[in-house]
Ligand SMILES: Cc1cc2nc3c(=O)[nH]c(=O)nc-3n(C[C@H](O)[C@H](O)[C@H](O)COP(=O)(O)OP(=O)(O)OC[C@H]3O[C@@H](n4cnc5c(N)ncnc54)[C@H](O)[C@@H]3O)c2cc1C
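First, one chain by itself: the form predicted on its own, in structure tokens.
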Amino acid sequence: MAKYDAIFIGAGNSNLTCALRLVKSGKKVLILEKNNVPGGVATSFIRGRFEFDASLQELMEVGTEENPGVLYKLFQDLKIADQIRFFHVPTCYHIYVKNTDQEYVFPFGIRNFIDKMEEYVPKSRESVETFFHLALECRNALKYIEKKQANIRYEVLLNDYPQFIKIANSSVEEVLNAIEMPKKAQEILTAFWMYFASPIHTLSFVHFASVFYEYIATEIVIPKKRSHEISLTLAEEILKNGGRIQYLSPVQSILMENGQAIGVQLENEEKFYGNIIVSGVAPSLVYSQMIPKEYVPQKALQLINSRILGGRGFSIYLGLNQNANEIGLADYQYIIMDSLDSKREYENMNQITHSNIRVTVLNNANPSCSPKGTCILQFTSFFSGDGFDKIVTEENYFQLKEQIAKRMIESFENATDILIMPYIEEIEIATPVTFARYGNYLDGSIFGYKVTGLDNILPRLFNEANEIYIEHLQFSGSYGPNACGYAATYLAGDQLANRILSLEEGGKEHE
């Protein structure tokens, strides 16, 4: 029976990237995907005359051919960069605070952002400049840690990133208070907390600041043919280089022998064997449903039981029969908040009545994404805890999701004074149930495990090797140490391939 060097459960971003790196290194790989297309939620779907992206709203760390970011360099190295066409997102974001006159519009670019914040909050310039200096150091320190992995030299961290060492265990709130940023400036700047679905008093400053710096400082892009363009390109390159992808093949269990993972069994009882099993499915599901209890170490159960699930996704996809500019949709991204108090709003996100939403107008970055005279909007929100689960039933599911969607659309209209309801031609709604069913996200938690408190990105990166509780079984995707986000999962897949190859080379770092 044929044996693979690596078997991947799921064809999500991280697994596709890891598999491509391995096949280009001469390894024999197999990807088993339960759906009929690659990418997981990095895909698109068609309703009527509109094509919607299931989850991508912007892609960071890409840059341009002339000034490439780390993700563009990865795509170049994998020989796929010239196969994907990107559009640049023209504007940063537009914040509205409901039932107030607070409204904030920010441009891209560090200097532009600082100047605009000074307009909104006089005498905030020095503290915001300090924030970006710290953010840049955190970003560079994280890149060093991710690159070196097991070969991290702590004297390098101490000498080259001294401020990073001082604030490594601090929350966003603690650091912003320490640099004496005015309260109003703190609230405006940290409206970005929604991207992490964690409030600033528990959210790691290192994680938040490094991502925020990347978002403001570098050019943000979207692929012309949605995120599915990247997924398909990765999949085709895997096949071209001798890899195998088998669709409509849900994995039922992981085969074990002498305490080690040796293969997988599909729901149709077909079996495959491999040296490494890489799971894009959440550890909680793997340990509880896919491996016999006697093979699951107690430490593994303790870890997953100590972790908290991140935000449960809720998205509304709208195709409007009007041009975006004609109805007043001038910006690419809108953030609607009930208030700028992240602790209060995070607690409110446990209730289905909250109205904290992000809205993107795809046509304002990609004018040709929909037929002439139309536009595409995507609403994204999150629920924390089990607020959604407590209320939804099989009987009320469809009525409930339509009620939530209607309230969120009305919330946007009331905050912005822009009518969109009369122009809706197509609408699709994805709830936590949708994401759980289609992408195997535990309880619809598209953010994976919550990256917060002592379980933030740094301890995960440093402790990654110690979290391999079953030999020859690895986890990827948003449940890995790099947490959620498109760029994070692509890069995490490549880092995982690096680790797998270095193990085969006796620990020598693979470049």
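Counting begins at 1, following the sequence as shown. Keep in mind it's a predicted model, so treat the numbers as computed, not measured.
Separately, the form predicted together with the named molecule exists; it is not shown, and the next lines address it.
The listed set 197, 134, 377, 251 contains one residue whose heavy atoms approach the named molecule in the predicted bound form to within 4.5 Å, identified as 251. Checking 440, 356, 124, 370 for any heavy atom within 4.5 Å of the named molecule in the predicted bound form turns up a single hit: 440. For the three marked residues, 9, 14 and 55, a heavy atom of each sits within 4.5 Å of the named molecule in the predicted bound form. Per the 4.5 Å heavy atom criterion, the named molecule in the predicted bound form is contacted by stretch 279-287, the sole one of 124-132, 279-287, 318-326, 382-390. Residue contact check for residue 452: none of its heavy atoms lie within 4.5 Å of the named molecule in the predicted bound form. Looking at residue 61, you'd find every heavy atom of it more than 4.5 angstroms from the named molecule in the predicted bound form. In the predicted bound form, residue 486 approaches the named molecule with a heavy atom inside 4.5 Å. In the predicted bound form, none of the heavy atoms of residue 460 sits within 4.5 Å of a heavy atom of the named molecule.
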